[in-house]
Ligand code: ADP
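The chain below stands alone, shown as structure tokens; this is the form predicted on its own.
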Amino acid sequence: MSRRIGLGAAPAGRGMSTLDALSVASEIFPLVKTGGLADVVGALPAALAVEGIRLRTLVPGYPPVTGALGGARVVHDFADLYGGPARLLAGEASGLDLLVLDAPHLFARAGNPYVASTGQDWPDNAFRFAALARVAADLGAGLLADWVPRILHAHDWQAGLAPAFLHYDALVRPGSRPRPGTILTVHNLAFQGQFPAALLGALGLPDSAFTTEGVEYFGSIGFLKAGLQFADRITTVSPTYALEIRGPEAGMGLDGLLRARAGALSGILNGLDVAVWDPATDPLLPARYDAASLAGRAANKAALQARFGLAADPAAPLFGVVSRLSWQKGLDLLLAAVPALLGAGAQLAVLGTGERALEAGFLAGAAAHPGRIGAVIGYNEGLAHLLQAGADALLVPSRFEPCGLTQLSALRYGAVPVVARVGGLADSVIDANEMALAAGVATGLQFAPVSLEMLELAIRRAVQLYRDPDVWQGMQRSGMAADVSWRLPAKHYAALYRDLAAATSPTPAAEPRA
């Protein structure tokens, strides 16, 4: 069984050759999720299957993963993997074809995959994710005699050492092992995985690796930097973000390397699981609806107002937020813009968790303005769906946004997105300027630069458009008609995989690592 997602496309035609590939990531929906990375990693296997790509995913053996794994079988044993024995399990969970690194000394921990209950990173994160990358590299090099992937697709810093391990292995034993084509996808350049230089040998890297042309990054070992340095191809999750990170403002100290590797860098906009996010069939909604008949949104808006303690006012423009509460997401600007929002006669519903000061700020706003502002701290899938289906507009004032998924859900549900003109937000939302409105293609509002003044202007502009029902409903229907599925992204990824596989000639496999 394979996990089925809404793709908006027919199955691949007959005659398309199947390509085996390995995806490597630290989280995967629906088993373990802290952000959009998990959604993408969980959606890619089914999306790429339509294009003839057979994708297996290597993930850490966290308790929720091993507990969900069905039909598990041990395919390899490691006598000592960074401080303890480990097993590689093959099995299926939630329709996903998984390879699970069962290393209890590294991953058998409750709670967040990266952070302890103290709020600090797990002190052995360097070894935990070096182990994941090490096993990924070994799989790419023929660890399993009956399955050798042609492509190794690493996601974010947690898998960043995999291309580096393959590079340095080849220097030690040139030509002795298969060499898969390697891809590194950057989901957020701000998270880089930096660790002390003293760990170099313990991580299994040679002394020669600690150079600017290797894994060294401002005196530390950079896991993401290593992947950017050695992956055959680099992708980000939107075309605009791929351009932005080549400059110093968004490059997070890696812009020089990214400019040097510009020929290998591209952006592929994320897709959305349109089977899960479908207002016409969504079981989490009080009322279902579609673009042809938006009447059901009124009942969802009323339910949303009740759930967030807002006044039952169907005429009030209701702005929603579903987000991690952080500086990156521009939520401090939204807090400062509350007087302008309330002055325009609008309501605000906020769902999210993150920085304590922002959590406290929105709770204080709800207490100071009962019936006008509501805040739920945390994350709830049902509430997220209700907010998209009941809010009139969705606010995404991010200072930078590699892709963003919440605005894709908003388009799908007819919650008009009001977004900063950055990254994937710029790529996925068509601004309601005069020409776009006249052509009937506007799907939301963009603003730039990302400042309080421009956010306030965008809110007032949205309220003005909302007061014209014909214009507003036209934008809602245009957004709901947009193809936010994985159909086009899957085609782009499949083309990248096949081009890279064609350029990478496999060589005979050596004996697998013990």
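The shown structure was predicted, so the numbers you read here are calculated from the model rather than taken from an experiment. The first residue of the shown sequence is 1; numbering continues from there.
This next part talks about the form predicted in complex with the named molecule, which is not shown.
Worksheet item: Tell me which of 117 to 125, 398 to 406, 429 to 437, 307 to 315 has residues with heavy atoms within 4.5 angstroms of the named molecule in the predicted bound form?
Response: Stretch with heavy atoms near the partner: 398 to 406.
Worksheet entry | Triple contact flag Lys329, Leu351 and Tyr379 to the named molecule in the predicted bound form, non-hydrogen atom at 4.5 angstroms | All of them do, each having a heavy atom within 4.5 Å of the partner.
Worksheet item: Heavy atom to heavy atom, is Asp39 within 4.5 Å of the named molecule in the predicted bound form?
Response: Yes, Asp39 lies within 4.5 Å of the named molecule in the predicted bound form.
Item to complete: With heavy atoms only and a cut-off of 4.5 Å, decide whether Arg259 touches the named molecule in the predicted bound form.
Response: No, Arg259 stays farther than 4.5 Å from the named molecule in the predicted bound form.
Worksheet item: Any chance Leu411 has a heavy atom within 4.5 Å of the named molecule in the predicted bound form?
Response: Residue-level check for Leu411: no, no contact with the named molecule.
Fill in: Trp277: touches the named molecule in the predicted bound form, heavy atom cutoff 4.5 angstroms
Yes, Trp277 is a contact residue.
Fill in: Partner-contacting position among Ile183, Val322, Ala159, Leu166 - heavy atom within 4.5 Å of the named molecule in the predicted bound form
Contact with the named molecule in the predicted bound form is made by Val322 alone.
Practice prompt. Go through Arg477, Lys33, Arg54, Arg460 and name the one with a heavy atom inside 4.5 Å of the named molecule in the predicted bound form.
Written response: In short, Lys33.
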